[in-house]
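Just one chain follows, in the form predicted on its own, and it is written as structure tokens.
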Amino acid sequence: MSRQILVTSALPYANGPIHLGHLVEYIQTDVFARFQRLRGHRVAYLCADDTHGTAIMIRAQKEGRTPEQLIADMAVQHQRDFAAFGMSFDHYGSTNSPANLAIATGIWQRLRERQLVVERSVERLYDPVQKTFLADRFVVGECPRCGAAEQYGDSCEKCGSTYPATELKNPRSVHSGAKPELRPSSQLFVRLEPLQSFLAEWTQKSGALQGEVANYLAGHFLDKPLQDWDVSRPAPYFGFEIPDAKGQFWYVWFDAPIGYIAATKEWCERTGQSLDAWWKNPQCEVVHFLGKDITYFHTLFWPALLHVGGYQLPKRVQIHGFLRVGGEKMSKSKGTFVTAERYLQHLDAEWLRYYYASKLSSKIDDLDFQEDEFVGKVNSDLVGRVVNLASRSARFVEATGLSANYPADGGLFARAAAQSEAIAAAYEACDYREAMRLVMLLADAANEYVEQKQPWTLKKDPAKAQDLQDVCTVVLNLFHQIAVYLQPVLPKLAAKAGALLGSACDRWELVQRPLVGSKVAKFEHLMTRVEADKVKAMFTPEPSAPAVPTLPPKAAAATPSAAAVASAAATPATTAGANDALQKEPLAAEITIDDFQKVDLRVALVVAAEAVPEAKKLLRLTLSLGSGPTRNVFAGIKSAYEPAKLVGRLVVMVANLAPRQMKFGLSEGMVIAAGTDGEVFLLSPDLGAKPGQRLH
């Protein structure tokens, strides 16, 4: 029976780049969403940037730009990194949106109607240098319960205690390093005690939470009257001003989770769907993925807002642990705080997807990145046990294809098909570690069959041509089953497997039917081995540099300055060259404005680029339009551009060109370039343009 599932990851804060710790969550969520789609369910995977708060405001001030400029640039970078790691968002939004303001206002009105909002003066920590009140997360000090150093102003990662920021010992501001002062502040609070019985019932009996989470809430919060929740901040503050409280702004944690609904609203408006069908439909399963550090926000405050606002409560909240590197917390000074961008400079994104999946269980345990383990798992599991199946058999049947009838295989295919529900159950439970274990057992059985049959030996005897074809048919079918099972984790590898065997790996039921009589494409390397020195290089500390440039580095470099443009225009050779170009390629026949408007030109971000080995002129580009699926485009620019230098650059693409099936894959658009006599010059938009914007 088909299910309707709305999946979210916690919204990344727009104050910094995506790093390896973030990717634990987004990979975990994406695997779940892809698995559910593979099973034939109706899935919406929504996310957005979390954009409000003091940190954004202060950083923008330091960099001499507006908060809106900062969050716009971070949105481009975040989406670029997510696309590079294969995140299959259906929509990616921002909490600084009209949709979010409208929904937050509606929920606020419901809170007012139920008399759940109160105002009172409280003493809060104030940064005397930055001249602003400090959110709990922007104060650090010693835990008042266990004494652990470097803990946030709301909870201790070491002992799990929660407390007011004013109780921290030896506190300091994250923004300036100054010792905070206590100052009175008029604040608005949401009363949670009237909702306590509802929250107790939901957290303890709904089945939405992991057992340890339900127990944690019962023992730390629900065993006493719930405290009122502080939901406002005085000016100056970057966020939404509260409609009925001039000079007061909603605290970032009020409108941030509402961003889940706002992103859904934007997606529904774009696709002609109903928001209520997703957020007010009891048949729709809302599934949240998040880290353990924001547990109580999502399991107490957020359900309270949904309940009062009349929205559907989550059917499941899947919480994960932190990422550690070599047993320690990530550290910039030690080089273990690695951004997504830095990882991609050294290693393949799918390697990390598999490594995390092989370690993620349904529990809240921390993950530990171990260099030797990472190299071993990728090289042994993926290259040695999975890809090797294709590399040791596909070449032998490029001319003949697969056997017309599926050969006897001693029950291997049937046993692999019979594991379908066990593997599916592991994915469903978010026990990816178990799913990977079961799949690798199938790979072991397939490799044992290869060793027994030795197709390389059969190849030497022409009289055994049919035996060779039959053996390779079995091996490639087992490989296809494994590729389908791994598709949620390794979508690119699965796509390559599908291209090799002429059968996509996009439906779970494909593991039940063997492939017979089909052609086998020329074998190309599916995955390379990890080089240990590249992993070490990724973790080697680099000289400090500005955290985030105003624009994506490649896009900024690609845009000429006004002086450069003026200089070029004044050069006689420029005019002469233009005349020569016009003579060599005269103007096309006149068209009408209606003809022109049929062409949808859009700004696009290059999130990945690679050469097409078998094509002399082509590069394969992965383009993002800011939201929705990425586009695969083949461009004849190999002679002019190195693929790595294109990543992060803004280009112009024809977005409504009908997809074209090429020898190398499906091309879903065209990038715009100029040039004659073999010269190629990609067109780039001016500074400030954003992916998805239309050219008029």
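Residue indices: 1-based, along the sequence shown. Only the largest set of C-alpha atoms that superpose within 1.5 Å between the two forms is called the rigid core. Computed from a predicted model, the values in this text were never measured in an experiment.
Not pictured, yet referred to below: the form predicted in complex with the RNA.
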_Can you pick out, from E201, E610, E509, D444, the residue that has a heavy atom within 4.5 Å of the RNA in the model of the complex?_
D444
_Which residue, H307, R342, H220, K315, is the contact with the RNA in the model of the complex, using a 4.5 Å heavy atom cutoff?_
H220
*Exactly one stretch in 101-109, 73-81, 497-505, 446-454 has heavy atoms within 4.5 Å of the RNA in the model of the complex; which is it?*
446-454
*Among D230, R385 and M527, does every residue place a heavy atom within 4.5 Å of the RNA in the model of the complex?*
yes
*Find out whether any non-hydrogen atom of T540 is located within 4.5 angstroms of the RNA in the model of the complex, and reply yes or no.*
no
*Spell out, yes or no, whether the shortest heavy atom distance between R433 and the RNA in the model of the complex is within 4.5 Å.*
yes
*Do T336 and the RNA share at least one heavy atom pair within 4.5 Å in the model of the complex?*
no
*Does the RNA come within 4.5 Å of any heavy atom of R124 in the model of the complex?*
yes
*Going by heavy atoms, what in 390-410 lies within 4.5 angstroms of the RNA in the model of the complex?*
S391, R392, R395, F396
*Does superposing the core leave K363 with a CA shift of 2 Å or more between this form and the one not shown?*
no
*State yes or no: after fitting on the rigid core, is the Cα displacement of V174 between this form and the one not shown at least 2 Å?*
yes
_Rigid core superposition, S185 Cα moves 2 angstroms or more between this form and the one not shown_ = yes
